[in-house]
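Take a look at this one chain, the form predicted on its own, written out in structure tokens.
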Amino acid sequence: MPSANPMTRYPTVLKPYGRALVELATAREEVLCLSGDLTRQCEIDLFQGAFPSRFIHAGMAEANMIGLAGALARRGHMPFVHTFGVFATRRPLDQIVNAIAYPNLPVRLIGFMPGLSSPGGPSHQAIEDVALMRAIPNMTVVDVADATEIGQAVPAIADVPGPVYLRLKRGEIPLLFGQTHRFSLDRAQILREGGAAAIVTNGMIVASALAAADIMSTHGLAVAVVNAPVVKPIDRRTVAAVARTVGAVVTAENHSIVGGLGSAVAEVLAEEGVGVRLRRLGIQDTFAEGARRAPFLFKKYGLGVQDIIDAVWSLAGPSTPPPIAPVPESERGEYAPV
């Protein structure tokens, strides 16, 4: 479990996904790798070097790449398709539905640079990709938090019988969890215990949620943190069980509040009859903007550590002002919560 030190700075690693895919392909000959003209950016230059005969450069033609992947899957291959999240989901949506999801084929869509992690503005920010993929029958949707989960998720999704969408941060990947951490396709993980409120989160926001919970703990408010990397099918049992023990639930995601993790949790609470206050943190049904630094966008659009503290405190804290999160500082090779 990550350190309880508020605003922990985590070590980072490069290309954990690329290494995990090469390891999987070494054991599984049916694994193929498709690139949408973003080979180095999606870490699959490692695969290209190790297995050039199993690497397909599809170019900037994502709809065609999805159709090709579907055809390859019908012939017994397991295609892993790579591009940025917005190009993996929004652009070829019709092909995903008809060529992959409807026939329930084992194609793995790997979308890098999700949500506000892209500085490129609305054309490159996948803020609705989880909502789109959640709405498609047969699709499994995964948003992992760190390099440990990436290394465990890659072989895990290989055995899912139908299509999978895996959402991944690009660049330096934090190492939040130790090797005792276990990624699961059907179980969320309770990373912090607490009875006042619960933060349900995943992906890039996990580090910030942990920092927020640890800061509030030092001020007398015990807050649970639930990491739910699998958004579909969500672990209803854990989400409902934790919600029944707290006074409020806050969801925090690097995605629109419409149709993503917050919506999935709201559905669970309503259908399980859990009467608890809910606040959804995420992109508030708006387009963002471009910026040179992603942390600026996370803070501007309400996804920083302080925003999580403020939301939880307003629902479950005392009447005193919420604690102030320190400004994180990180050196080269380190990752600090936003």
Partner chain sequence: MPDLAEISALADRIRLRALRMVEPLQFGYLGQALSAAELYASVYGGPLRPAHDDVVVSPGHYIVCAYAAAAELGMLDAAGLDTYGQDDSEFEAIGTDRSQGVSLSCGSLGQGLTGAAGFALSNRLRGKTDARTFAFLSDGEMEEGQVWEAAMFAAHWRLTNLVAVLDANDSQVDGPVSSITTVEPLPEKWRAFGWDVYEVDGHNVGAIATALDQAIASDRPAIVIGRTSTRHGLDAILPDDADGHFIKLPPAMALAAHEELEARLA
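Residue numbers count along the first chain shown, from 1. Only a predicted model underlies this, so the values are computations on that prediction, with no experimental measurement involved.
The following text describes the form predicted together with its partner chain, which does not appear among the structures shown.
Distance criterion of 4.5 Å from any heavy atom to its partner chain in the predicted complex singles out Asn98 from the list Thr245, Asn98, Gln179, Thr218. Residue Ile56 is the only one of Leu278, Ile56, Leu38, Leu46 with a heavy atom lying within 4.5 Å of its partner chain in the predicted complex.
Proximity of Arg237 to its partner chain in the predicted complex: non-hydrogen atoms within 4.5 Å are absent; the residue sits far from the partner. Contact between Glu267 and its partner chain in the predicted complex is not found at the 4.5 Å heavy atom cutoff. Mapping the unseen interface onto this chain, Ala135 falls outside it, with no heavy atom inside 4.5 Å of its partner chain in the predicted complex. In the predicted complex, none of the heavy atoms of Val274 sits within 4.5 Å of a heavy atom of its partner chain. Screening 286-294, 38-46, 57-65, 300-308 for residues having heavy atoms within 4.5 Å of its partner chain in the predicted complex returns a single hit, 57-65. Residues Ala71, Leu72, Arg74, Arg75, Gly76, His77 of 70-88 are found to place at least one heavy atom within 4.5 Å of its partner chain in the predicted complex.
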